Ligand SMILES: Cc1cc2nc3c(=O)[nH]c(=O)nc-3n(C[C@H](O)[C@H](O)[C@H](O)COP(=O)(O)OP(=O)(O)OC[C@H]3O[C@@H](n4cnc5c(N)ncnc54)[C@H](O)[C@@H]3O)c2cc1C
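So this first bit is one chain, no partners, the form predicted alone, shown in structure tokens.
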Amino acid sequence: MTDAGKWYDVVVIGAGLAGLVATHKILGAGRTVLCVEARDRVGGRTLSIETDTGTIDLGASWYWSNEPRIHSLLQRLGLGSFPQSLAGDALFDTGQEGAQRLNGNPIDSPSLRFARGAQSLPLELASLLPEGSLALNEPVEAITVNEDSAQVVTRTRRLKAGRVVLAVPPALAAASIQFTPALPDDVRALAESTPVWMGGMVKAVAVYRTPFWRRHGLSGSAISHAGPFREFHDHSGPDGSPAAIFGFAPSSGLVQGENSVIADAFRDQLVRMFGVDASDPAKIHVTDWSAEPYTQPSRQLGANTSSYGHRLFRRPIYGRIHWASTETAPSYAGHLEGAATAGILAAQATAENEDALRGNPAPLVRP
């Protein structure tokens, strides 16, 4: 292990949306910052891939009209969006004799999708960072807080900083990072019991040649009490291409680590619900977020979303460590808007004079 020998005002751990928003805002205040990411990509729980006919999301997909920070980011980054398709009837699946057709679509509410996929936000933010301010493939192993600094130990080096921003799920930080001194008992208990948004879920996306369900007056939305997938939504592009339906399933009800088995189960359920037209997808993409080591800790007990945005997450740990993930946001927790909110609040909290950052419009590049 090498010692970088360089001082940073702030080290941000995690290059999802929260971490990258925090990094930009701290840089915009004229401070030195390094964002370290365990994965070989940015985006965290946003993951967008290109198909032959367009982009699909294997992680977060939506945002809403009342979420100002995401709207602002899209505008400043020059990224487009389009409305989620709602037209048509939804289905209700009991697992017996096919699915019941509902009158209209009471499942979906008006929401918006990202023209280039949800991961386009963190990808664009990362592309605008100054050279040397983002490091991939650097999982953090330990954080030591001293009287005058904090030391962050990654797999390859030691970093010294005045402040640290934990832009990862609290439960993951508690499980995977060694803290010295140890996390206070109340903070550790809170972190361990706070569920990772999407952490226990599998998302599958079936891509078709055409959105056949629309020909039958269906919305592509469904709720299933039979499973294994519990909810379904149209995931097609704005012009119907790519044509796709996605579903969510609790990972506990599926064979973990066997994506081909999960894909078969998803296709079989689509056929049961939507008919024979669903039997021949061009491709089924599966992401088991519970199996992602940099998303979900291997063991989490007593998880309850009532801890999202808890007041303890806004209190610095030993005066130097700040939380910043969608789970810690005091508003919009569990949304991308919550991630952006958490990143901004953490950046503000790292400032010796918080007003210096609060009055800053967070430019996307160093001035």
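Residue numbers here begin at 1 and follow the sequence given. This is a predicted model, so every value here is computed, not measured.
The form predicted in complex with this ligand exists for this protein as well; it is not shown, and the discussion that follows is about that form.
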Legend entry - Contact residue in the predicted complex, chosen from Leu121, Ala244, Val168, Ala222 - any heavy atom within 4.5 Å of this ligand: Val168
Inset, instruction - Could you work out which of Ala150, Val207, Leu183, Met198 is the residue within 4.5 angstroms of this ligand in the predicted complex, going by heavy atoms? - result: Met198
Inset, instruction - Quick one: find which of 22 to 30, 35 to 43, 311 to 319, 48 to 56 has residues within 4.5 Å of this ligand in the predicted complex by heavy atom distance. - result: 35 to 43
Inset, instruction - Determine whether any heavy atom of Phe179 comes within 4.5 Å of a heavy atom of this ligand in the predicted complex, and answer yes or no. - result: no
Inset, instruction - Considering only heavy atoms, tell me if Phe274 and this ligand come within 4.5 Å of each other in the predicted complex. - result: no
Inset, instruction - Consider Leu172 of the chain shown here, and say whether it contacts this ligand in the predicted complex, taking contact as heavy atoms within 4.5 Å. - result: yes
Legend entry - Touches this ligand in the predicted complex: Phe248 (any heavy atom, 4.5 Å): yes
Inset, instruction - At a 4.5 angstroms cut-off on non-hydrogen atoms, which residues of 55 to 92 are near this ligand in the predicted complex? List them in order. - result: Leu58, Gly59, Ala60, Ser61, Trp62, Trp64
